[in-house]
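Read the single chain below, which is given as structure tokens and is the form predicted alone.
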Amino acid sequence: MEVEWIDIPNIKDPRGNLAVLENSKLPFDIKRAYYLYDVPSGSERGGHAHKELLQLIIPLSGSFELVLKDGVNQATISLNSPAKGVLIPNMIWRELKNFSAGTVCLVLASEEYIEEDYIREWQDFVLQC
């Protein structure tokens, strides 16, 4: 499965750390950004794949698990550092779960929202793999 950890450049300072994201240093130009927050205990997000879109998922605060599936293989990744993100290529099923209290998850996307790019049913995804 082709997922990649991305180190987020940051400047450590006694007054607080500063993380920097620039289009020129990312594997795609950011066309959309959104964030998840106040996710109730026990809730899951995601549960879909994208035909074309790429995503960089960054835990700004708190922690959660990212479950990734390619139709054959499955990997569970714990995200808990705002200095590291996971790049998810297209045609990878993603589920986000086990959110700690106060988690904020930033998602940077390579495309604007296009409903036709989503595969929302697992059986449809498996057929397209």
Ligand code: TYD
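Sequential numbering from 1, following the sequence displayed. Everything numeric here is computed off the predicted structure, so don't read it as measured data.
The following text describes the form predicted in complex with thymidine-5'-diphosphate, which does not appear among the structures shown.
Thinking of thymidine-5'-diphosphate in the predicted bound form, which stretch from 58-66, 30-38, 72-80, 85-93 has heavy atoms inside 4.5 Å of it? Of the options, only 30-38 has residues within 4.5 Å of the partner.
4.5 Å heavy atom contact, residue 45 and thymidine-5'-diphosphate in the predicted bound form: Flag for residue 45 set to yes.
Do residue 120 and thymidine-5'-diphosphate come within 4.5 Å of each other in the predicted bound form, heavy atoms counted? Residue 120 belongs to the contact set for thymidine-5'-diphosphate.
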